[in-house]
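As structure tokens, one chain now follows by itself in the form predicted alone.
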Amino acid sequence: MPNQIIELEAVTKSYQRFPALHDVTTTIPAGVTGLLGPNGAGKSTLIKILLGLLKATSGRATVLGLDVWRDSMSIRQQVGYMPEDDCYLPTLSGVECVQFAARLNCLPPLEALRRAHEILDFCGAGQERYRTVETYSTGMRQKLKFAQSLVHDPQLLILDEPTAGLDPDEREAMLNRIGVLARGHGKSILICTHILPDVQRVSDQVVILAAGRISVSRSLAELSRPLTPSTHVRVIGSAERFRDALSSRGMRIEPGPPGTVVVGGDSPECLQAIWQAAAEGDVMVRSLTPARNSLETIFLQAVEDATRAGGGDADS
């Protein structure tokens, strides 16, 4: 798999006079990437272009090193796509739907059936796989779509709202499966979602699309790191004595949440001073947490910046 699984260069898409994407240029590395954006940002248009289902008005794009228009069939053989909307054939059972998806990817009938059962086991589907899909709950339909996207063992997965409609336990299970595929099986995954905690939970990279433009495309670690580092310290004992001990060492104390002392800095020297101050103040440190920017704050700021730059509406 190439290091850059997706490359976009000046990609623009207009519907007649209505602009959906404006000069989109970015690269997406291997790993798990969260694709974020408000309704009307152009996410669906971008996904269709990546799958070769829609031709850009101008610009160039590659997926897994393949041109999205010239090599669209090869791309779809190597990419698994989980759409937001339901996609199943009525009267078929769950296992038959997944087997059918495998057959569409040229697996022989017996191998397609074996793979269907294997993937449904991975997705946590039990005996309900033998029921017709019309009887499925929202959570079971999500599992079915996920299994269909995965049955042909693709290099890249594009998942559109994979946790939508799931209860907390099923949502956690879905995120765990995504982590297993990425960390244990070397899959690259593009997750398009409105649920920011899901992105923060599993993603390495974040791309924010707003008003048809790339507003942010950086690693989550870089985005989360504040310009001025600090450490949140929760203690048992007198927080006042702890602050005094920190101040006597020249440490910067910042305002913070109740029960938390915010110390400026997160270097090894800073951490050593925190432990020394705790010993001097006779307090017990319950937790040490480096400050991180909220993904929600980053997202809202990116959308605001794009809107201020004059972006118009696009398709969702």
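Residues carry their position along the shown sequence, with the first being 1. What you are looking at is a predicted structure, and each value in this text was computed from that prediction instead of being measured.
There is another form of this protein, the form predicted in complex with a small molecule, and it is not shown here; the text below is about that form.
Among 269-277, 252-260, 32-40, 60-68, mark the stretch whose residues have heavy atoms within 4.5 Å of the small molecule in the predicted bound form. Of the options given, it is 32-40.
Can any non-hydrogen atom of Val24 be found within 4.5 angstroms of the small molecule in the predicted bound form? No, no contact at 4.5 Å.
Indicate whether the small molecule has at least one heavy atom within 4.5 Å of a heavy atom of Val11 in the predicted bound form. Outside the cut-off, so no.
So in the predicted bound form, does Ala20 come within 4.5 Å of the small molecule, heavy atom to heavy atom? It does: once the small molecule is placed as it appears in the predicted bound form, Ala20 has a heavy atom within 4.5 Å of it.
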